[in-house]
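Below you'll find only one chain, the form predicted alone, shown as structure tokens.
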């Protein structure tokens, strides 16, 4: 049976764990620093922590849960990673180069139960939730990769994080609040909430929990439809939550966090790119503090759906813009390395 992950502990839980093993109080802060500042993956990397304490910690906790299996780099600079977990399952993470910083795209589950028609991860269903430490360790590996191969022009700029990888973040409520807490804790990753974005398909229970928790991080809602019928057709599980409730919760969270909620709209040729859908979407987005990201479909290997063409994308955007909605088109990076969430994992599974 696997040991608990040390990286799953919030900083104030490290002190009693260290104390129980005979370590002085200040050692807990040193250990937290090795986890979240120095990205340690081996016990012997914690050079200023006494060897007996390291050995005692190693008896009780695991330090590493992810083993790199594959790394791909796109012509546009996107870096895609496949990691094997301790139980043999695999998850993906992505480094997305932006103009002046990198964005880390993290997974929260092995597979996904939401069954969205445009997502590769959904094809295999949900296997299990990731532990907090498994989610956080993705950041560790991505930062180590950037340290070994820096991106020109980024300097020492802080990275952003978006929970837009494999899985539905709000369906893993056992881990997500702990992860966010460690990310924003001064003795954790010390990240600004402005650099963190939770992207969700909008399951009702998860949205209500997020609103109640009020972490202040950014929120992106993937709607999939402008009516309940459209939404259920493309997103069967989150589509069980009425669209009106999803919009109301998204607006409430935006007012609470003092930052607009983003509506992500996947453009699929002939299915989600029609002018009447753009007009209905404009009405939904105009009902609260929202902005819209238009995302042409990232083509899946075994699917007949196609992304909307440039003319349809621009026409859709123009309808929204004319209605006064702040709208951007976000092109997915790494198309030549299958960087959409779940694709690399599915190809690896298919080859075994």
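As the structure is a computational prediction, the values presented were derived from the model and not from experiment. Residue numbers count along the first chain shown, from 1.
Unshown form predicted in complex with a small molecule; subsequent notes refer to it.
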item: 4.5 Å heavy atom contact, residue 218 and the small molecule in the predicted bound form; value: no
item: Partner proximity in the predicted bound form: residue 264 to the small molecule, non-hydrogen atom cutoff 4.5 Å; value: yes
item: The small molecule contact in the predicted bound form: residue 118, any heavy atom under 4.5 Å; value: yes
item: Partner contact for residue 199 in the predicted bound form: the small molecule, 4.5 angstroms, heavy atom; value: yes
item: Listed residue that, although the small molecule is not shown, lies within 4.5 Å of it in the predicted bound form (heavy atoms), from 188, 225, 165, 206; value: 165
item: Proximity to the small molecule in the predicted bound form, single hit among 300, 40, 292, 49 (heavy atom within 4.5 Å); value: 300
item: Segment assignment from 271-279, 85-93, 176-184, 156-164: heavy atom within 4.5 Å of the small molecule in the predicted bound form; value: 156-164
